[in-house]
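The chain below stands alone and is given as structure tokens, in the form predicted on its own.
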């Protein structure tokens, strides 16, 4: 099994953390844009090559790996329980990613095309609002994002949490998020790929 991408990429790290949880062996290959584009028309990583098949989109790859290896703890088989996990994974990929993008590009990547202070502030406000929503969810479950057990939702949102705390900006104190982060910190996958110092 080959994973194309760098271990510093937030989306590659989702897949690497999932591999740790499942106990999978893989070969990580940093590749050029041309190499990736030949397999992913979006020219983005990660790209998974498994048994001659190619997959892209990080959340899809995580779901595939959990499903292939029968890890119903990470991705339940029952339709409603599975939907609860996928709901939060999809929220991470759509609502949350859309909120942080401008602020992250301005404050971390120092993008010259993302230098509007009002847009940066709006992005920060929306990002913090959504993280407070996640905090409320964790207060309700008292454990993990989708309920009583650790799932793929915790992996993808754990990496989003790492990006949120690594970005130089004002953040509210969210106690349920902090308690959840402490629980994540006990997992080998988080220690290897969740908080590796690069947002």
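Positions refer to the first chain, counted from 1. Being a predicted model, the structure only gives us computed values, none of them experimental.
The next section is about a form of this same protein that is not shown, the form predicted together with a small molecule.
A.B. asks: Check residue 134 for me: does it contact the small molecule in the model of the complex (non-hydrogen atoms, 4.5 angstroms)?
C.D. replies: No - in the model of the complex, heavy atoms of residue 134 and the small molecule never come within 4.5 Å of each other.
A.B. asks: If you check in the model of the complex, is residue 44 within 4.5 Å of the small molecule, heavy atoms only?
C.D. replies: Output for residue 44 is yes: heavy atoms within 4.5 Å of the small molecule.
A.B. asks: Would residue 58 count as a contact of the small molecule in the model of the complex, using a 4.5 angstroms cut-off between non-hydrogen atoms?
C.D. replies: Although the small molecule is absent here, residue 58 would touch it in the model of the complex, with heavy atoms inside 4.5 Å.
A.B. asks: Would residue 9 show up as a contact with the small molecule in the model of the complex if we use heavy atoms at 4.5 Å?
C.D. replies: Within the cut-off, so yes.
A.B. asks: Taking the partner as it appears in the model of the complex, which of 141 to 149, 164 to 172, 66 to 74, 45 to 53 has residues with heavy atoms within 4.5 Å of the small molecule?
C.D. replies: Looking at the other structure, the answer is 45 to 53.
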